[in-house]
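Here we start with a single chain on its own, the form predicted on its own, put down as structure tokens.
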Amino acid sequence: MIDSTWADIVIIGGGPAGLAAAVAAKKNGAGRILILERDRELGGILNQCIHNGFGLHTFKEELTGPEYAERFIRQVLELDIEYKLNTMVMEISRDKAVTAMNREEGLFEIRARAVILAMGCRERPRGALNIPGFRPAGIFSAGTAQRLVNMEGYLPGREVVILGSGDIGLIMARRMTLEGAKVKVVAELMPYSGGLKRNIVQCLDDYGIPLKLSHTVIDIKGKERLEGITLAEVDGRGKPIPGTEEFYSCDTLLLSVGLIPENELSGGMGVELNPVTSGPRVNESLETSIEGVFACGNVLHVHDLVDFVSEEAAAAGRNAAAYVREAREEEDREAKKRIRLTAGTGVRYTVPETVSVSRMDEHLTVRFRVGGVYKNCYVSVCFDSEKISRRRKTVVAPGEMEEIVLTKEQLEKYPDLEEINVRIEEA
């Protein structure tokens, strides 16, 4: 009889990252794998993303969110990977004891040899924005509105203003329009959009929805139900410019003002977090500061494409399986030698932040985001003080993730290397 109080690998989250990590871990020899998911079904956020555009990298075809999730759910079922739904993880200890609860079993504990953190991210709420005014009905995060429309069958309102041009907000501008609502404007605090260029074209331009950059909501009218909002242009410091106020009557305000990795569990167990990404600091194996605890997907850093989430999660699954298989404890001196990956001019962060040459695969993808819009520039990589690559880019922007690829063969030529710096250089 199998002892259900232990598992080789416990995966926290059954969304795209957790599913891909589970499949990769199983295919790489892991024994008992257990996925813990707080929702009523596997698939995570993909279940409410009924628009297409998913899977072009992973499956070489265009899928909707539920179709993309189904590809991985099917593999989980075929591989007999265990999962528990409607299960909330309460705590994870440093020695990888996972405390969770659900209605059937109450409070229970699973002891894991390795843990993969795949909790995804959450939307930044209104409370973080300091918008003055009352708290009337009709103000939703864009993701909540997406779930109401796509999964619950409710239309939140008829006259809509959207604050923030993140991808969810852009997609919901189109979705609300298709459902018969009038989207009056999308306002963005920054002088550039936070979403993918293709979403601006397909979700706003194609439907004649205006995008106002360097604008924000400065007032909300209505007590019981939202009656309207006031927009104003902002200066370079984000302060409203007097005399630029515009009133829009509306019954719904959708907020698409950023995503935050869901890392309360990570922080609670003592994982070191990066203040820029709000996700764990990881090495080339996507292993956190706690040995045998790995992180992937939007809990690590916010991605723009789910295909990249799956790719990253598969790497975490393979590495977690290897960790369990080898029962890795102390490694040799060479493996302990770590090279720092640092964000230089124009770059906000890199994932991973350290790399051990002896432990890395033949190729390592380093992903990063820039801090502004740069045109006709170069992405440069320096090994200590030596510039080893310089790739020209027509434009880079915060809304789209960038990447470089390091090879093991390349790094082995620099045995004394201490730092790899990624930076943006003007042309």
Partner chain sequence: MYEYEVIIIGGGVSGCAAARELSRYEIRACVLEREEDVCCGTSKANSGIVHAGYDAPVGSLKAQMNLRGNEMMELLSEELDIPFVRNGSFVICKSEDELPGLQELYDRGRANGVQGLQILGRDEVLKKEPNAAEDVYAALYAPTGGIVCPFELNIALAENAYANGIEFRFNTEVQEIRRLHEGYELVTDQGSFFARFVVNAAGVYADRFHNMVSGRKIQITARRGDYCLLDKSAGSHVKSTIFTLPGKLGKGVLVAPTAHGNLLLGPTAVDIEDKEGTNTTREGLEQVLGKVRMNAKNLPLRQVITSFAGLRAHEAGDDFIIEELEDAPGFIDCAGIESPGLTSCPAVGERIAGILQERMGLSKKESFNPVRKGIVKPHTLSKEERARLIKENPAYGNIICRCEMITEGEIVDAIRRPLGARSLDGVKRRTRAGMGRCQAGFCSPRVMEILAREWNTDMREITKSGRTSKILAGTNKDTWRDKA
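Residue numbers count along the first chain shown, from 1. Nothing here was measured: the structure is a model prediction, and the numbers come from that model.
FYI, the form predicted together with its partner chain isn't displayed, but the following is about it.
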{"query": "Partner-contacting position among 236, 106, 243, 208 - heavy atom within 4.5 Å of its partner chain in the predicted bound form", "finding": "106"}
{"query": "Answer option from 96, 147, 184, 338, heavy atom within 4.5 Å of its partner chain in the predicted bound form", "finding": "147"}
{"query": "Residue stretch of 154-162, 311-319, 293-301, 341-349 approaching its partner chain in the predicted bound form, non-hydrogen atom distance within 4.5 Å", "finding": "154-162"}
{"query": "All of 372, 374 and 423 within 4.5 Å of its partner chain in the predicted bound form, heavy atom check", "finding": "no"}
{"query": "Residue 140: touches its partner chain in the predicted bound form, heavy atom cutoff 4.5 angstroms", "finding": "yes"}
{"query": "Exercise: residue 60 in contact with its partner chain in the predicted bound form, heavy atom 4.5 Å", "finding": "no"}
{"query": "Residue 218: touches its partner chain in the predicted bound form, heavy atom cutoff 4.5 angstroms", "finding": "yes"}
{"query": "Distance check, residue 38 to its partner chain in the predicted bound form, heavy atom within 4.5 Å", "finding": "yes"}
{"query": "Stretch 195-212 - residues with a heavy atom within 4.5 Å of its partner chain in the predicted bound form", "finding": "none"}
